[in-house]
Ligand code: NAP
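Shown next as C-alpha cells: one chain only, the form predicted alone.
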C-alpha cells in the first residue's frame, strides 16, 4: 500500500500521525493512505505568497501562457500511466479516465492558446479608456492586476485530474500561486499528476503546492489577497462561505456545487428524428459516464406527456445494454461509484425518489458481491411537481423522467424549480419554443445547450465542460463561475480604475 505525500515548502512531506485509507472501489482493496499531519499551513500560505507569487508575476502573462503549454505536454507524456492508475484506483473505465486526464491537459493547452492574445506586460487593460472631466485631459482606464495572495483550490473527487488542472490554468496564467487539495477517495491520480508537475521543474518555486489529505486550518489563515475556489457539495460550500475568517477578510470565494441539471424534450420532436436520437444518446451518456458522478450530469428529464411512454421504453432498453463491472475488463462500460460513502448515499437517494414514483430499471440491489456498484437507474415521477425530484440530487447513475404538458412556460417553470443549475439541455427544432425556453431558464442556469437537427452530427454533449465557455451557475449550483476563456482569470485579478492625465494614463495603461 502506497503512502501519498504532500508537496509543500519546496519538498515532499510524508504524513505525520493519523492517516486515511483509500480503497479501490472496484474490489474494496486498500490501495493507499494519506494525511497532512505535521504540516504548518500558515507557512504553506506564506511560501506561496512570498516566494511563488513574486516569481510568477515577474514572468508576465504571455510567458506564463508558455509555461501552461509546456506543463500540458509534460503531463501528457504520462497519459497512459495516469489512465491506468485511474482505472485501478478510482473505479473509472478507460474511456472515463480519458475524459478526466485529457480534459486536464486539454484545458492547460487551451489557456496557453488564450494567452497568445495577452501582452508581456504585468497588467491587462480592461476595455477602452474614458474621458472623466470637462475635457479629455482627465482620463480613466480600468486595468487588471494579479492579486498578491495564494489561490487555494479544494477539488472534487470525481475529476481528480481535470478539476485540478482547470483551476490551476486560470490561476497560474493570472499570476497567482496555487495550493491544490484533491478529493481524498481518488487522490492517487492527482498525487501522481502532482509528482509529474514537480519533477518537470517548469513552475517557479512556490507556484505549486499540493495537499494530500485534510486542509487543516488552512482556510482559517487566508487573507484578503487570497482566493478560495471550491468544487463539491452545496453543504460544504455553505460552510466555507460562512467561515468567520473568510468573512472577516472578505476573501473571494468561488463555489461550484450541486446541480439538478435538466434535459428538456420539446413536443415538436418526433421519435424517428435525429434530434430524438441525440436526446436519447445524451441522456444515457450523462447517466452512465463517470458512473453519473459528474456535476453536469442530467438528473431531471422533462418529457411531454405524449412522448413519455416512448422515451421510457427507449431509455430503459439503452440502459439495459450497459454492462456494469470492474473497469479493468474492457467489456464493462460502467464502473463503480468512487467510495462506500458514495454508494450508501446513492442507494438512499434512489429509495427517496422511488417513494415518489416508479423505478423503471436499476435500483438499490447489489450488482456484485464486492465493490461500490449500482445499476443505471431510471425513475418515473408520479407527476411533474414531486418536491423530492426537484430538491434531491442523487450523485450517481440516476435520473428521473418528469411528465409535463409540452408547453414552453411549464418547461421553464419546472426546469427552474431546481433552484439553480450548471447546465440545462433543450431539444427542439421549433425556433419560437426554443427561444422562450432558453430566455426563461437562463437566469437560473450557467449554461444552456440546444440540440436540434442542425447540430446532431456536430455538437459535443451537454455534460462536457469546455474551456471557452463558463462553468458555474446561480443558486444551489454555487453562485460561482470558472473558465469561459479569459473570464476565468477574473477571480485572481484585481480590477482597478486608474485616473489622471490622459497622456500618462492612456500611454501607460491603455490597451
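Computed from a predicted structure; not experimentally measured. Positions refer to the first chain, counted from 1.
Beyond the structure shown, there is the form predicted in complex with the named molecule, which is absent from this document and is the topic of what follows.
Chemist: Name the residue from 172, 154, 87, 194 that puts a heavy atom within 4.5 Å of the named molecule in the predicted complex.
Modeler: Contact residue from the list: 154.
Chemist: Just one of 345, 245, 382, 215 has a heavy atom within 4.5 Å of the named molecule in the predicted complex. Which one?
Modeler: Contact residue from the list: 215.
Chemist: Is the named molecule in the predicted complex near all of 20, 183 and 395, within 4.5 Å of a heavy atom of each?
Modeler: Each of the three qualifies.
Chemist: Which of these stretches, 236-244, 327-335, 346-354, 384-392, has heavy atoms within 4.5 Å of the named molecule in the predicted complex?
Modeler: Only one stretch qualifies here: 236-244.
Chemist: Do residue 295 and the named molecule share at least one heavy atom pair within 4.5 Å in the predicted complex?
Modeler: Taking the distances in the predicted complex, the answer for residue 295 is yes, it comes within 4.5 Å of the named molecule.
Chemist: Can you tell me if residue 231 lies within 4.5 angstroms of the named molecule in the predicted complex, counting non-hydrogen atoms only?
Modeler: Looking in the predicted complex, residue contacts with the named molecule include residue 231, since a heavy atom lies within 4.5 Å.
Chemist: Answer for residue 257 alone: is it within 4.5 Å of the named molecule in the predicted complex, judged on heavy atom distances?
Modeler: Although the named molecule is absent here, residue 257 would touch it in the predicted complex, with heavy atoms inside 4.5 Å.
Chemist: Flag residue 422 as yes or no: does it have a non-hydrogen atom within 4.5 angstroms of any non-hydrogen atom of the named molecule in the predicted complex?
Modeler: Yes - in the predicted complex, heavy atoms of residue 422 and the named molecule come within 4.5 Å of each other.
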